[in-house]
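Taking the form predicted on its own, here's one chain by itself in structure tokens.
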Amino acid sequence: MRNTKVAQADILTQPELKTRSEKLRLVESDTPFPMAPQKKCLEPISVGKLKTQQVYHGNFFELAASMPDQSVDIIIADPPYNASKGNSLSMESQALPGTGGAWKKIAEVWDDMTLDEYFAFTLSWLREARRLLKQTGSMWVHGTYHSAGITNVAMQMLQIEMINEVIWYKRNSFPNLAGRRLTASHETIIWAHRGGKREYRFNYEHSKSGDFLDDQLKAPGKQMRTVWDLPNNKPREELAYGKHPAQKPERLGRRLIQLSSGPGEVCLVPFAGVGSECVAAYREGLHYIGFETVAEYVDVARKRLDAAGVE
């Protein structure tokens, strides 16, 4: 992830996009949710020179260049937050109540850039993601206060339209070990579409009446709000082959897919890590293509997907 592609200097002089509001056309899925876990992986299909049902070891910018414009239905992006600054506090020898287990502050090379580098990196990957996303597709981008503002500005510069800002409340957040500030207990997820004519899918009835018993803020039969209460705990099977310092629970990826996608569609994961979003796509009956630069994480992701296919 540390390998960044320099943003074009003429970012604001790209061909003008049609951004005038048009009548909103939402696409509802005919398939009821939640879907049953898939017992057999979909047969791979070609998307340009790449195949689905694969986590590729390599840089998203380089590998995705061979994919055609508007060729994927949903993008779930968990990019570096550029949060590896300051002291490296750690807590590895014991678990504190309510923290979900041992915790270590992220201190990775791929998560430490200058502001200029990070802004250029964000513009570059978002531009490529926008190119690949169908007009009917959705993009979900994870972040924190370190990165969400930059993502917001970059999206506006690229004329990517934000649909919602979701606050993911983590009730089992780890404490502030230094005791010098409030305990961070949420992350941000931006839901967006590529801009222009609004044809993105929203599975509204599922969002209102689906099974969300693990979310203490979601009232049954009521519209889903933009604050989600989902624990960050990962079941043992999600950690069985290794873990990532910023690993998301599979249940979160499945919610994003259930809200804005459907079976047989193509899910793109630019920063796959250990494959949580790819496993989520598999379980929801989607094709997936993931990219990850760290070989260790690619190996974990592939093992997780192999195991999911024989459950």
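Because the structure is predicted, anything quoted here is derived from the model rather than measured. Residue numbers run from 1 along the displayed sequence.
Missing here is the form predicted in complex with a small molecule; even so, the following discussion is about that form.
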The small molecule in the predicted complex: contacting segment from 260 to 268, 281 to 289, 44 to 52, 57 to 65, heavy atom within 4.5 Å: 57 to 65
query: Does the small molecule come within 4.5 Å of any heavy atom of K248 in the predicted complex?
result: yes
field: Exercise: D78 in contact with the small molecule in the predicted complex, heavy atom 4.5 Å
entry: yes
message: Is H244 near the small molecule? Define near as a heavy atom within 4.5 Å, in the predicted complex.
response: yes
task: Indicate whether G253 is a 4.5 Å heavy atom neighbour of the small molecule in the predicted complex.
output: no
